[in-house]
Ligand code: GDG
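Below you'll find only one chain, the form predicted alone, shown as C-alpha cells.
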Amino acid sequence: MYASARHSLVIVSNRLPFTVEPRPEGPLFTRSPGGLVTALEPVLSDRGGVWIGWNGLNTDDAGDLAGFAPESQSGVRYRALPLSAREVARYYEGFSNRTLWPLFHYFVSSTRIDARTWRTYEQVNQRFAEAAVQESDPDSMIWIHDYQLLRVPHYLRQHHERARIGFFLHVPFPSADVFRVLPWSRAIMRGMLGADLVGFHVQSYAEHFLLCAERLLGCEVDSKAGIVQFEGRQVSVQAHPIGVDVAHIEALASAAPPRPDVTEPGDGVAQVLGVDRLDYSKGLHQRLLSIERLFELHPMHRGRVTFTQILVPSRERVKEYEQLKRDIDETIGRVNGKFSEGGWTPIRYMVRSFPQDELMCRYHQAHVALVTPLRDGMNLVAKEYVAAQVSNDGVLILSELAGAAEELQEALLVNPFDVEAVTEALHSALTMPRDERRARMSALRDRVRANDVHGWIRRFLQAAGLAWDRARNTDLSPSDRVRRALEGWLGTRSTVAVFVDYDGTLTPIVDRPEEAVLSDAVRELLEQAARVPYLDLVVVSGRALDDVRSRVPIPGITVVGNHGFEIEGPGISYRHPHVDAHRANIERAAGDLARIDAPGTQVEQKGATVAFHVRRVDSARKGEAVTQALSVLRDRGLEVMVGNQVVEGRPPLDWHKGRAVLHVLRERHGANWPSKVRVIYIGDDTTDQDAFRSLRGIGRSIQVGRARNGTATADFMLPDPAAVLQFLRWLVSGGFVSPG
C-alpha cells in the first residue's frame, strides 16, 4: 500500500492514540478519534513498528499505569513513555503549551519565557529520543510529530548519525522576527534540523523555517529547492498539506438523515456550525461578535438562522483557558438574552466531545460552516466539513490565516479579526444562490478528495526516504560545507584570526593528557599557517601555558593556556593579575584530589588551575569519583568546570576563554578590530562555549563533534580533528582571499 520502503516505522508523538481511564477491574483504553490515527495504524500494521507516546497519566497519581499501553493488535505495538506530574506541568503544560503554542500562533504577549520549563522540555525530549532508539533498528524510518518534540531529531542524530528521521510540524511555524523572541530559538532549529525531512502544512511555513535557518544559524540555504546545509548534511524542507479520511467521512455523512432543504431565507431555520477545541487561537470571541452583528445588521435572519458552537474542552487546568471559557459563556448569554424570542435561540452551545458519526451528521446537516481561527496550522474541521457535504450544497467560511486557506480557495475567505467582514460573509453564505453554492463546494470536494490523509502519509514517507538518500549521497564533506558558508564572509577583511583548541580539536582525545601529541601533518600545517601573512593563528587550551608551548613550539603562533589565565605570543604577554591570590587553594585542592580513592584517576596541577581526569576510571566508580572531586573543589572555594572526562577547578574570577580571546584581539589588532579582522574559533569542549558566546555576532564559531551538553552555541559543526585539519588546509590555501 505504501511503497516508500519496507523499513519498519517508528511513530513518535506526544500522545498515544488512545486515552486511559483507571478502573478497579483494570484500565479502560478508549481509541482517540481522528483521521490521522485511522490512517497511521494500518501503515504501522503493514510495515511493522511501534507508536511511542505519553498515555495521559502521570506517575505521581497513576503509578505504573502511567507507563502502561494496550497489547499489540494487528502488528501495531504501543510504548507508553511515563511522565511525572512535574514533567507534565513543565514540559507539556509549561513549555509546550505556554511558550511554544502561543509563540507559534503569533500570540507573543501570551508567551511565557521560563528556563525551568525549557530544561524539563529538553530532558523529556531526550527521553523520547532514547525510547525511539531502543525501539528502532538502523533501517527503521522514525517519524516524529509536532511542537512538543522539536528537539527529538537532534538527540536521535546524536545516537545514530545515519538514522532515517522525518519530522512533521502540525502547527504554524512563525516568521523569523517572531521566532527569535524565544531565547532557545537556535536550539530549536538545531533540534528540527536533525531530521532528514522537515515537513510543514503549507509553503509559507516552510519558507519561514528556511529563513530562520539562514538568519539564526548561518546555514547555507537553497530556498527554491528547499534544502538546508547543516552539519555536513542536506536537510529537505517541504510542504505536505495534511488531509482527512474522505472515504470514511463520506460514508458516515451519507448514512446521516437528510438535512432540511433551505434555499432561501424564510424556507426554514438554516444551521450555521462551528466546531473547535477550547483555545484562544480559534477566534471564538470574535466569531460570536460576528454572529451578534449579523442579527443587528440583517434582522431578516432573526428566527431563521441558528448558530451551533461545539466546543471540545482542552487544557482545562491552564488558567488562560479557564478565563477564555468564562468570556465565551458570558458573550453567548448576552447575545441569546438580546435576541431570543418565541422559542428561537440564536446560539446553541455544547461543551463536550462528540462521537465521530454524530459529528459527521452535524457537518452534513449544516448549511454553513464558520471556521475562523486567528491562526491555525491547517484546520481539519474545514476539510471534514467539505468531505461531509456529499450533496455539494454547503458553504464554507474560512479564515485566511488558517493553513487550509492556501488549498481551499473556493471557500469564502475572511480575516477573522475583521468582525464586520465575517458578518457580511455570513450574510452572503446564507443568501447565496444554489448554483454558486454547489459550484464552490464541488470544487472544494474534488481537492479535498484528491489530497486525503492516506495520500499525505504516502507522499511524506516517500519524500522522507528520498531526503535520506540525498543526505547520504551528498558530495561535499563537512569541512567543505563550512568552507562554502564562510568564504564570502571571510573575503571582506584582510586578516583572519583563527583560534583553535588543542585537545579534541588539533589532536584526538586520548586516555592520558601527556599522550596528546600533534601529528606530523598537523604540525606541518601549523608551521605553514604561521608564515601566512593574512592569518593570525592562536592555540587555546586548558593546559598550562608551558605545556601547550612545548607541544606547539612554532614561532609566530600565540598560545593561550590555563583557559585564558596565561597568554604568550608575538607582541603579547599576559598573566591574570589575581591568579596568585588563589594559588594556595589550587595546590591544596590538588593534594585533596590525589587522595580520592578511585583507580585510574589523574591529577594535573597546572599552576593557575587544577584538573582531575577520570577517563580511565571504571564506569562503576566514575560517578562517585566525580562527585568527590566536585566537593573538594567547591570546599576550596574554586570555580568548577565539568568537561569531557575531566573536572577542573579554577580561581573564582570573571575570566575564561571568551574573555581571553577578546583580550588577544584587542591587544593584537586594536579596539576597532571587528572592522579589520574576521575571527573564527574552533573547539570541542564545554569551556570553548564561553568563547562561542563571546564571539556571537562578531565572529564565527565551530563545534568539533557533538556538544556534550546537548545545546551547542556554535555557528557550525565539524565531526572530528580530521575535518578540522581539512578546514585549516583550506584557510592556509587562501581560497577565500579576493584577488588584488
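Don't overthink the numbering: it's just position in the shown sequence, from 1. Remember, it's a predicted structure, so these values are computed and weren't measured experimentally.
Another form exists, predicted in complex with GDP-alpha-D-glucose (GDG); not displayed. Remarks below refer to it.
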Original post:
Does any heavy atom of residue 384 come within 4.5 Å of a heavy atom of GDP-alpha-D-glucose (GDG) in the predicted complex?
Top reply: yes
Original post:
Applying a 4.5 Å heavy atom distance criterion, does residue 337 contact GDP-alpha-D-glucose (GDG) in the predicted complex?
Top reply: no
Original post:
Even though GDP-alpha-D-glucose (GDG) is not shown here, does residue 603 get within 4.5 Å of it in the predicted complex, heavy atoms only?
Top reply: no
Original post:
Should residue 353 be classed as touching GDP-alpha-D-glucose (GDG) in the predicted complex when contacts are defined as heavy atoms within 4.5 Å?
Top reply: yes
**OP:** Can you check 337 to 345, 375 to 383, 659 to 667, 496 to 504 and let me know which stretch has heavy atoms within 4.5 Å of GDP-alpha-D-glucose (GDG) in the predicted complex?
**Re:** 375 to 383
Subject >> Sole residue of 164, 190, 563, 201 within 4.5 Å of GDP-alpha-D-glucose (GDG) in the predicted complex, by heavy atom >> reply: 201
**OP:** Name the residue from 363, 295, 460, 104 that puts a heavy atom within 4.5 Å of GDP-alpha-D-glucose (GDG) in the predicted complex.
**Re:** 363
Original post:
What are the residues of 232 to 252, in order along the chain, with a heavy atom within 4.5 Å of GDP-alpha-D-glucose (GDG) in the predicted complex?
Top reply: 242
